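Only one chain is given next, in structure tokens, and it is the form predicted on its own.
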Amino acid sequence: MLKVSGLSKSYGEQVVFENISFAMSQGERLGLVGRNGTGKTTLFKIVLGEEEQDAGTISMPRYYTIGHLSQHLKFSEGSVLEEAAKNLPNSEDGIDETYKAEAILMGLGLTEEYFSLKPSELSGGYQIRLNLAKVLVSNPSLLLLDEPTNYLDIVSIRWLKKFLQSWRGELMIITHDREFMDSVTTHTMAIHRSKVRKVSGATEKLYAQIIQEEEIYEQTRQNDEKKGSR
């Protein structure tokens, strides 16, 4: 449902990625990996329209919606529950679905005693949880999550894992917790040497391929150096 074609991005002399292409099919859950600074968050920002690519296109259906976990804390409602519930999709039959917001808040550790508080009264970590609840409540077509387990305790992480395992839309996730990633994704994609490599399955399968390629790359480089020194 999301298609990226020929995408390139540089910052001055630093090439982040060059002419990368990939597609996500319906219901696909993609784990995005790569060393720090390889462009994972940059890719998220380009998909969200927060940054411009140098070349290439991103296409998606007209009705497609994207939700992401923002680190920017901006609240407009008078209570935690109202803040979470404002992102609920419009109910076709007019039924009040605030209970969905309540269930997600409680899953993330924001129990009933927090519901009536002002969002500004929450600690920074709990404000991030509220932001996460707002994204999950909105039920977007594509969910972009960058380190969603930060500020969560073990119980909340366990709840989020189950929630994402039953997620019906598409998901793209960045997390240093490989076990968590593997438990909620169907595919893994690495940004490596300014290119992307995507496989069906867990991170271990992809890293094994990259290690093998690096060994071949290094052997070729050494052979070329030997030839050049003769």
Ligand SMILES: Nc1ncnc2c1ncn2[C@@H]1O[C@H](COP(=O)(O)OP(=O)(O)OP(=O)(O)O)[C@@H](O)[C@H]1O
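Nothing here was measured: the structure is a model prediction, and the numbers come from that model. Numbering starts at 1 and runs along the sequence shown.
Another form, the form predicted together with this ligand, is not on view; read the next lines as being about it.
- Although the partner is absent here, residue 201 lies well away from this ligand in the predicted bound form, with no heavy atom inside 4.5 Å.
- Shown alone here, residue 192 lies farther than 4.5 Å from this ligand in the predicted bound form, counting heavy atoms only.
- With a 4.5 Å cutoff on heavy atoms, residue 41 counts as touching this ligand in the predicted bound form.
- The shortest heavy atom separation between residue 35 and this ligand in the predicted bound form is within 4.5 Å.
- Heavy atoms within 4.5 Å of this ligand in the predicted bound form are found in one stretch of 215 to 223, 21 to 29, 8 to 16, 202 to 210, which is 8 to 16.
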